[in-house]
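Only one chain is shown below, in structure tokens, and it's the form predicted alone.
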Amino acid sequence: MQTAIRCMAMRGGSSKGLYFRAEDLPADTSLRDRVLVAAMGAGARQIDGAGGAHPLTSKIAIVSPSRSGDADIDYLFAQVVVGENRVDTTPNCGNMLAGVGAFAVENGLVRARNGVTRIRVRMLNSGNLCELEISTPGGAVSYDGDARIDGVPGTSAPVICNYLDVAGSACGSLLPTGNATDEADGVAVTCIDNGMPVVVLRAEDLGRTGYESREELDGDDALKRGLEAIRLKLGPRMNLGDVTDKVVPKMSLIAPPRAGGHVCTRTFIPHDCHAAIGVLGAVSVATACILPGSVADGIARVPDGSVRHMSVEHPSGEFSVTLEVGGTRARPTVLKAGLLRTARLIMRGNIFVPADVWDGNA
């Protein structure tokens, strides 16, 4: 016997995963997580589920009407950790967030307007808000358009993500250690959280160029061991505690731009090199670039002005981030971060999990 659970499979940004209504999953967190692992598939290959045996295709969005008066819907992100049969809800995911608005409209959680529908989303992982702008001509979600993002083939309707006050989303402050630059294992780092906890490091300080391919870096065991040692040391200093079993902080190597952007990145999430860069990871790296005294000082090419359009280069292209900046030149603050994403509905229906995992009644 198996238990059917309604869901949608969607691409959100450059990630892919399952989208559920919260009411269709168990209320008990531990049971819910076992159901999510069963849905995605246990083991490194995830052959017995819907996962793609990679962190970017083993993601889940859980959506519900918002319990707060300042949002339309609530969104909980869950990362099913490939090969470890567990779920991590510590970080946000801005890519999966890009599909949340369409999912809410498709499921009657939000009524669409003719033209563009704005949906305020409470990100339960951090408690922060994001306003999504999705294309809804005639009051229905459109997935067709001419917006293009690197890491995704073709074009789609644009999804504009305006992040509102996401500083300290998981760590409690933008600079969780209180410093623009710290040191771990003799390497200078910037620990930052503007939507995603990230440790930013200069690639040259690790004996790398920062322009290596994803495959080359994934095969660089010495580098990965060094990064993990640094990550484990910095987790407690970033107010994240023991991060051995957490997918944050991400580790981002930076180098001077070489494709017309403002900074070049190679990001580990945290143990595999990302084919691109995560949405909120890009926001945090771009924010590090504008901070005087960070490790990006002298590496990144930073534009002037109160609205700064930052192009973050990554292995498969670039990611554009718009930062609305306040404060002073010596102490800048980010008031709002805007990003362009796209999304597409792939499948709607039921996913089945073994009844001995969940019989649907608890």
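Position 1 is the first residue in the sequence shown; the rest follow in order. The shown structure was predicted, so the numbers you read here are calculated from the model rather than taken from an experiment.
Unshown form predicted in complex with a small molecule; subsequent notes refer to it.
When contacts are judged by a 4.5 Å heavy atom cut-off, residue 265 does not count as touching the small molecule in the predicted complex. Using a 4.5 Å cutoff between non-hydrogen atoms, residue 286 does not count as a contact of the small molecule in the predicted complex.
For the chain shown alone, residue 281 is a contact residue for the small molecule in the predicted complex, at least one non-hydrogen atom being within 4.5 angstroms. In the predicted complex, the small molecule sits within 4.5 Å of a heavy atom belonging to residue 196. Heavy atoms within 4.5 Å of the small molecule in the predicted complex are found in one stretch of 129-137, 112-120, 179-187, 86-94, which is 86-94. Note on contacts: among 161, 240, 269, 227, the single residue with a heavy atom within 4.5 Å of the small molecule in the predicted complex is 269. This chain lacks the partner; the member of 56, 50, 63, 35 within 4.5 angstroms of the small molecule in the predicted complex by a non-hydrogen atom is 56.
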